[in-house]
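First comes one chain, alone, set out as C-alpha cells in the form predicted alone.
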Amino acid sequence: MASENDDPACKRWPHRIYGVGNEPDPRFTLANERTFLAWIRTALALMAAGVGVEALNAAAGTGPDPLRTSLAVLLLLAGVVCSIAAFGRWMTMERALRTNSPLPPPKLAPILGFGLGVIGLAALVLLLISGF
C-alpha cells in the first residue's frame, strides 16, 4: 500500500504544481524550463546593464549624475521584475501543461517590451544631454 509520501509528485517542489494533473510530455516540460532560463538570462543582462551604467557613472569622475543613476535603477528594477515574473510564468505554464488546459497569454512580454522601450528612450535622452 503506497502512502502519500511515496507519490513522486509529493517529493517535487513546488507541490502545488506537481500535485495537480498528469505528467506532461517531457519535451513540453523541458521547453518550458528552457523558456524560464531564457527569461533568467534576460534578467541577468538587464541587471548587468544597470550595474554597468552605474559603474560608468562612477568612472566618469564628474560626480553623481542623477540621470545615469535613474537609468541604472530602471535597468536593475526591470531585471528584478523579469526574474520574479519568470518563475511565476514557469509555474503558470507548467500547471497548464499538467492540467491540459490552454496556455495563458504572455503577460511578461508586453511589460518587458514597453519597459525596455522607455529605458531605451531614457538612455537616448541621457546620451543627447551628456553630449555622447
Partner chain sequence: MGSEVPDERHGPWDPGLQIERTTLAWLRTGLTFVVGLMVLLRLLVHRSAVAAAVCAAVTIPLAVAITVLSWSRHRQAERRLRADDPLPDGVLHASFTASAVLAGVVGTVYVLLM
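What you see is a predicted model, and the numbers here were worked out from it, not measured in a lab. Residue numbers count along the first chain shown, from 1.
We do not show the form predicted together with the partner chain, though everything after this point is about it.
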Exercise for the section: Could you confirm whether residue 93 comes within 4.5 Å of the partner chain in the predicted bound form, counting heavy atoms only? Expected result: no
Exercise for the section: Would you please decide whether residue 107 lies within 4.5 angstroms of the partner chain in the predicted bound form, comparing each non-hydrogen atom pair? Expected result: no
Exercise for the section: Find out whether any non-hydrogen atom of residue 12 is located within 4.5 angstroms of the partner chain in the predicted bound form, and reply yes or no. Expected result: yes
Problem - residue 103, heavy atom within 4.5 angstroms of the partner chain in the predicted bound form - result: no
Exercise for the section: Flag this candidate site as yes only if 111, 125 and 129 all have a heavy atom within 4.5 Å of the partner chain in the predicted bound form; otherwise mark no. Expected result: no
Exercise for the section: Heavy atoms within 4.5 Å of the partner chain in the predicted bound form is the criterion; list the residues of 69-88 that meet it. Expected result: 69, 72, 73, 76, 77, 80, 83, 84, 87
